[in-house]
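A lone chain, given as structure tokens: the form predicted on its own.
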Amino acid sequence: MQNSEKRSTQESGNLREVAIIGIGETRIGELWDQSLRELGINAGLSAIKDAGVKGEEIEKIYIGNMSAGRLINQEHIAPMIADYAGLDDIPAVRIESGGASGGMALTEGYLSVASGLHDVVVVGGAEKMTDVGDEEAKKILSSTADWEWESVFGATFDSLYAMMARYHMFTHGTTKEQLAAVSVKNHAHGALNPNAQFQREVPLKIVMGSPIVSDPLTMFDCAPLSDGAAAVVLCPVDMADSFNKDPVAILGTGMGADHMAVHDRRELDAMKATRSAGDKALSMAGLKPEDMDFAEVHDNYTISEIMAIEDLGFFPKGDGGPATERGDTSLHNKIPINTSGGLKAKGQPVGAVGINQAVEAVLQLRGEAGDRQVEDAEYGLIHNIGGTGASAVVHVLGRWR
């Protein structure tokens, strides 16, 4: 990364430039033979090994997690994971923001290093969704919507996102085929990812013919609920040369917010929180949407991806569906979206999603993404949302050299 003007915002704000120097993740899926602590430890130790960091150099640990207390009856999980990793003398903090827990944890880790408070920080995300039945897991997930005014009356996550999809279709002419194209594309990308839960392509006919979950969303429009963990190691850019890998810089970060309940929002075909977070992150990086070589966006439902690529400025409002159908968001095309397979194919370990996205971005920017590599990738964006869009966080990452 040679363009000093791109870094002027961080420098003028008296923030140190921060790099990701190590990454690690588990495979994602229904991992009944592994506990949450095992998943978190394995991801964290892989990231530490990747960076070449010694345990005594780590000063703080942040872990994104949505709901371990209800899913596995274990609270206080950050110190637990640190303890069983042999890092029991390092302060560890859990960050919760629904589906955005991982991304928010990354922001907290970034701020910890950028402020000068700490030099070496590990940020992880972990979730164990399958130790309870599907019905209970969905009920727990629905608690990240407005429980008192939505969930308690029977509004599930599926139905709330279905309402957004229906309104988007009514307002912009988005079709079921365009929703399905998101799933087809992400499964094609996931087939190239050895850590993805689903590693096979799914044809449009199968997606279109799958059972209705909440009209117009079918089974293949919805991401699975998964187990998994991921971790990254952060340090100041000027220290990065002392560790194993070339650094990937966090050039910008932004958070956004909106009403908790969908019915209180002014827009149903967009997410204000995403738009705000994206604008802030890109402004901080001194970059524009068209400068991005790829993006990982939060596709817990196919409509989520369509709205995200519009709200982040990759396509005009209403063109997200047609753009996907045209192939503009596929690998090697205009702006590859969710090269990892996204939540739809890679899987959805809720609290880990934002860190899984960061791992994929680092692999792309290092040129280590294998068959799903974006050619000459220099900049990437990752986007993580909580609940039905009440919170959002965006990071812009770039190659340092």
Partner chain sequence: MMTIPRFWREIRQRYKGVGVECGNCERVYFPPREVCPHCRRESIGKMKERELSGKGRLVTFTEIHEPMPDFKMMVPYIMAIVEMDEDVRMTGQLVDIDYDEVEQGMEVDVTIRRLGEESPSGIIYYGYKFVPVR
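Keep in mind that what you see is a predicted model, and the values were worked out from it rather than measured. Numbering follows the first chain given and starts at 1.
FYI, the form predicted together with the partner chain isn't displayed, but the following is about it.
Shown alone here, Ile72 lies farther than 4.5 Å from the partner chain in the model of the complex, counting heavy atoms only. Interface residue remark: Arg266 is counted as part of the site for the partner chain in the model of the complex, having a heavy atom within 4.5 Å.
Among residues of the shown chain, Ser159 is one whose heavy atoms approach the partner chain to within 4.5 Å in the model of the complex.
The partner chain in the model of the complex is approached by Glu150, whose closest heavy atom lies within 4.5 angstroms of it. Across the options 117 to 125, 303 to 311, 135 to 143, 231 to 239, residues that bring heavy atoms within 4.5 Å of the partner chain in the model of the complex belong to 135 to 143. Though the partner chain is absent from this view, in the model of the complex it lies within 4.5 Å of a heavy atom of just one residue from His172, Lys245, Arg275, Arg166, which is Arg166. Put simply, of Ser112, Ser214, Asn195, Gln178 only one has a heavy atom within 4.5 Å of the partner chain in the model of the complex, and it is Ser214. Heavy atoms closer than or equal to 4.5 Å to the partner chain in the model of the complex belong, across 363 to 385, to no residue whatsoever.
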